[in-house]
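Next up: a single chain in structure tokens, the form predicted alone.
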């Protein structure tokens, strides 16, 4: 806990007062280049990237969980191979390739980045939903039916609560992966910490590259820890109910 609190403190302090860290990055610069990224507000860039990731995760969750529910029902089982093939495409094509396809269709900015992150984050949510729903013990389902529960009641009162830990794990994995993946959105004019990395690459400023990478890494780690804690609380409340 102390290490996590320290990491959060460093992240917040760096985003609010980046110039305080200038002496640490000065050795990485050459020819009097600025040690701290000064072409934009780091806090705004971090929040913009996080917002894009959360929006893409919301869309991936709605589609992934909904599709997982559909193909595990009797009416949708025949569509499982097709659904899995379509979802796998998001992981087969790298996000850069998705961006290249999306930009001519929707233009530059946040939209192609959202499409790429949505496609890339869909697979873990979809697969974990299927595994979670299929892992429900047959004896439990049989007992629920014996109590007079309808298929819909079995789903909402038995299957989904038991599958919830795996579903949340898939959402967490999707989110953490896309925090880092979202930096490529800056190549198509989406706001984010990728701007810092690209600026460093274009100017051969290692300080900028390290700042963008460290901020993105800290965000991913802290988001992972926060989601683990949220999963425990949600699953505990579901079991109590």
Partner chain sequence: MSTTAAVRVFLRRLPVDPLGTLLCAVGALALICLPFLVFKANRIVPGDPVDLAQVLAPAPLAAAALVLAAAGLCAVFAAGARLRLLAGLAGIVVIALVAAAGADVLTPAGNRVVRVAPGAGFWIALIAMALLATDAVTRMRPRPVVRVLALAVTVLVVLAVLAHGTFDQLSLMREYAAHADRFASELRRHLWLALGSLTAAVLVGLPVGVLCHRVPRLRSAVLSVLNLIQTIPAIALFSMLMAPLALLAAAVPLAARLGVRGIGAAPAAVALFLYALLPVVGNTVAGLRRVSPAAVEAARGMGMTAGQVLMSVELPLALPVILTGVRVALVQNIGLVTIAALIGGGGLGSFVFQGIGQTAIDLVLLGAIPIVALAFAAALLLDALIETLRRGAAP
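Residue numbers count along the first chain shown, from 1. Bear in mind the structure is a predicted one, so any value in this text is a computation, not a measurement.
Although not depicted, the form predicted in complex with the partner chain is the subject of the following passage.
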Item checked: residue 65: touches the partner chain in the model of the complex, heavy atom cutoff 4.5 angstroms -> no
Next item on the list: Answer with yes or no whether residue 109 is in contact with the partner chain in the model of the complex, where contact means some heavy atom within 4.5 Å.
Entry: no
Next item on the list: Find out whether any non-hydrogen atom of residue 220 is located within 4.5 angstroms of the partner chain in the model of the complex, and reply yes or no.
Entry: yes
Item checked: Contact of residue 43 with the partner chain in the model of the complex (heavy atom, 4.5 Å) -> no
Next item on the list: Check, residue by residue, if 7, 32 and 228 all come within 4.5 Å of the partner chain in the model of the complex, counting heavy atoms only.
Entry: no
Next item on the list: Residue by residue through 67-90, tell me which have a non-hydrogen atom within 4.5 angstroms of the partner chain in the model of the complex.
Entry: 78, 79, 81, 82, 85, 86, 89
